[in-house]
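Given next, in structure tokens, is a single chain: the form predicted alone.
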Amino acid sequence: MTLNIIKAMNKAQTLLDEAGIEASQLEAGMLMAHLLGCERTHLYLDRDKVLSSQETEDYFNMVDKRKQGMPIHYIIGYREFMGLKFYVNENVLIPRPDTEVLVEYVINHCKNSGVHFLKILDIGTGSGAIAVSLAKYIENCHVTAIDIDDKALAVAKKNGIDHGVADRIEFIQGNLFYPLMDKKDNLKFHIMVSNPPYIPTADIKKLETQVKDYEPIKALDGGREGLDFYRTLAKDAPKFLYDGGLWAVEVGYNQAKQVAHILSEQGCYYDIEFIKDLSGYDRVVSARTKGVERC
């Protein structure tokens, strides 16, 4: 069977519609653009081009994967984030637009910090979307990016190289702050940033198939209340932040007040703020730390 580009995309859209994929037209185009190695806009200029039998087979194999629930960004191998193209695979959480709120907040903070050279710590870097974006858009910084999973770190390192900032990011494997504990140089940072797992364990099974069955559970599961990682981040961060350093994290749409309470209980933080996402939810919680000596 041979089809031209537009007929193949129309057929794919129908198949995706039947599978309940909401953005079926968009995704049919994304898959075709990936197949042919071009921008989606070019597809309509070449709409009458006939696909080879191999191209047709490859295209509908991708459509079948999407029908089964595989996230489209794993199929095409990248996700746009902060105007950059990030490589992703099943070892990392797919970057979300909501996380751009966190990155943009930190960038704006850095512009007004008055610090000549900023040291930034990214806990749970995953694909490296946060670390790489910060290194890309903040020239006077060095980022330390930590993740417990070596396969996730491999993805993050690739993204650092792809975007030309690998020389300003140190990638470290380890659990949260643990790999910094044995540093002998009294390591301190101006900023700690994180998008930790924050889905309550019981809610994982309620997520969409493309999330719960494909994305790494350890990047989603935040414990019984979804707050486990925030407690650790709040407890340990002052040991590694300068006095007045910025603590900034992404939170679930209904978690900001709970995270703020965790910070208040620690007694090490002030100027606790909420930053809203485009949907009006408090998506980022930030605070300044007093430093461990004053806690």
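Numbering starts at 1 and follows the sequence shown. From a predicted model like this one, the values you see are computed outputs, not experimental measurements.
Here the subject shifts to the form predicted in complex with glutamine (GLN), a form of this protein not shown in this document.
Chemist: Let me know the one among V101, A154, L93, I72 whose heavy atoms come within 4.5 Å of glutamine (GLN) in the model of the complex, would you?
Modeler: Going through each option in turn, the one that passes is L93.
Chemist: Between A166, L176, L84, L220, only one gets a heavy atom within 4.5 angstroms of glutamine (GLN) in the model of the complex; which residue is that?
Modeler: Going through each option in turn, the one that passes is L220.
Chemist: Which single stretch, out of 135-143, 103-111, 196-204, 154-162, brings residue heavy atoms within 4.5 Å of glutamine (GLN) in the model of the complex?
Modeler: Checking each option against the 4.5 Å cut-off leaves 196-204.
Chemist: Indicate whether glutamine (GLN) has at least one heavy atom within 4.5 Å of a heavy atom of I76 in the model of the complex.
Modeler: The answer is no: I76 has no heavy atom within 4.5 Å of glutamine (GLN).
Chemist: With heavy atoms only and a cut-off of 4.5 Å, decide whether L118 touches glutamine (GLN) in the model of the complex.
Modeler: Looking in the model of the complex, residue contacts with glutamine (GLN) do not include L118, since no heavy atom lies within 4.5 Å.
Chemist: Can you check whether L180 is within 4.5 Å of glutamine (GLN) in the model of the complex, heavy atom basis?
Modeler: Flag for L180 set to no.
Chemist: Would you mind checking 239-254 for residues with a heavy atom within 4.5 Å of glutamine (GLN) in the model of the complex?
Modeler: Heavy-atom contacts within 4.5 Å come from E250 alone.
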